[in-house]
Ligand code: NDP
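Next comes just one chain, in structure tokens: the form predicted alone.
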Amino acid sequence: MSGFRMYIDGKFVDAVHGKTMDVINPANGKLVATIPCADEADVDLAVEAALKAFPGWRATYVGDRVDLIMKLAAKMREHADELAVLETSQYGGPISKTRAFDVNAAPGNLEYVAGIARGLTGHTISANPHARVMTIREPLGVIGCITPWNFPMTTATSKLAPALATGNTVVLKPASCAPLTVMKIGEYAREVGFPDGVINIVTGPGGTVGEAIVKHPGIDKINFTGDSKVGKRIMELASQYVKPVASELGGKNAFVVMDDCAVDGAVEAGVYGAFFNSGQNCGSPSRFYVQEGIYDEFVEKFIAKAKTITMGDTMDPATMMGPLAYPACRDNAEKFVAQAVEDGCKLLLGGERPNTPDTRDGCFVAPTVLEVYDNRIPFMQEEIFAPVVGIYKFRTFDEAVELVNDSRYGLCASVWTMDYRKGMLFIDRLKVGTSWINQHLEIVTETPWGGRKESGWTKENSLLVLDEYTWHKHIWINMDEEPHTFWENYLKA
């Protein structure tokens, strides 16, 4: 597939040095497209374009900015079928998922932010009878956005929408293995009339292009979604320039099942949460803690439900689970499962590569469940980002709290109980950014999303997202004829 080029200063361009890289379908190992492989020179051009466009875009009336954002959303919905196929082809999410979720969630981000941005306000402060004090919101400047491969379009628009609506310009780097739908956004932005340089999209390796974006003096803030190791590297680089970083990083999320829960509902949600998008979701539960009174029943039903998940041709609407995004992801998952078995875990389901005509050439990992006896083994501490989960039996409420918090991550967790008072008391003690009672993985644009500890710090979505792309300028207006000082009375005397 040809025709995919970078989008810089309103033009579709190849890399300055002419280098290219391939996008491979992880379901079958076949070539999907060849795209530009940028380097520092291309980032320089993108940042230069964004800096040039910033004054005019900042001065554009917010109603006109959000009108363009709404037109971009409409254009994405118009091309939903094409985008769904591209999304499936580049990272392996089954077509049933990309049609139902991605092509709706991505423009939905744009539409939501377009709706709230016109209500952006500052504050007035009654600090002194001799003055009028206020804050006004101003855009930061040029935002460097670095996005992941597991929800390419959706994550890109969750950053583009608030950045653009608040008057910033953007240099965006999509994931190297799944950039195609994000590149399409550049095409649509040009069609609907975004000024040149407001949106710039560069493609290439994170170690080259991503680092060049982070270090560039023309970039005012970085917004990154990805794994914690890369997030730490970005923070290290950005600290040299005292550059702010919004980071939505990894998770090792807990799913806590109390004796008094509705078991069938917990099983349904647990299987869906763990294996949706092949477990390639920062909010997916991978640590299951089940109270001893219902442990056997829950495990039996969980295994039976997981066995009903279908894998195969990702373009078949009946396929429920696709491959992992690239071979290293599959190999990493298999390594963790093998190590867990060595560490004494009992393999209850999966652990193998599906071997059918539709799966044998891809990066598939079957739904895998292990019974775990030690919460400190790597399998229960490291983010694996695959359809692999551990189930651990606990006895008491306090023990469950300690197990959940025994992690360097703090993205999300859920507790399943029909005693809502107990559920609230449990959540009060969790060190996570998002928590649910009798739900897991329900995330909508109207609600904030972000973690604690090594899961990063930022707030995606909701009204709070506008704070990530603006700063409050403090203005003090003296209302008296003379300025006031602390020693004025002494001078008068």
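Since we're looking at a predicted model, the values are computed, not measured. Each residue number is its position in the shown sequence, starting from 1.
Not on display, but discussed next: the form predicted together with this ligand.
Contact check for R233: a non-hydrogen atom falls within 4.5 Å of this ligand in the predicted complex. Interface membership of G423, defined by any non-hydrogen atom within 4.5 Å of this ligand in the predicted complex, is ruled out. Contact check for F224: a heavy atom falls within 4.5 Å of this ligand in the predicted complex. Although the partner is absent from this view, W57 stays clear of this ligand in the predicted complex, with no non-hydrogen atom inside 4.5 angstroms. In terms of contact with this ligand in the predicted complex, the residue from S286, N109, N150, T368 that brings a heavy atom within 4.5 Å is N150. In terms of contact with this ligand in the predicted complex, the residue from V337, A274, V182, I146 that brings a heavy atom within 4.5 Å is I146. Checking 296-304, 380-388, 350-358, 136-144 against this ligand in the predicted complex, the stretch whose residues place heavy atoms within 4.5 Å of it is 380-388. Residues of 247-273 that come within 4.5 Å of this ligand in the predicted complex, judged by any heavy atom, are E248, L249, G250, G251 in sequence order.
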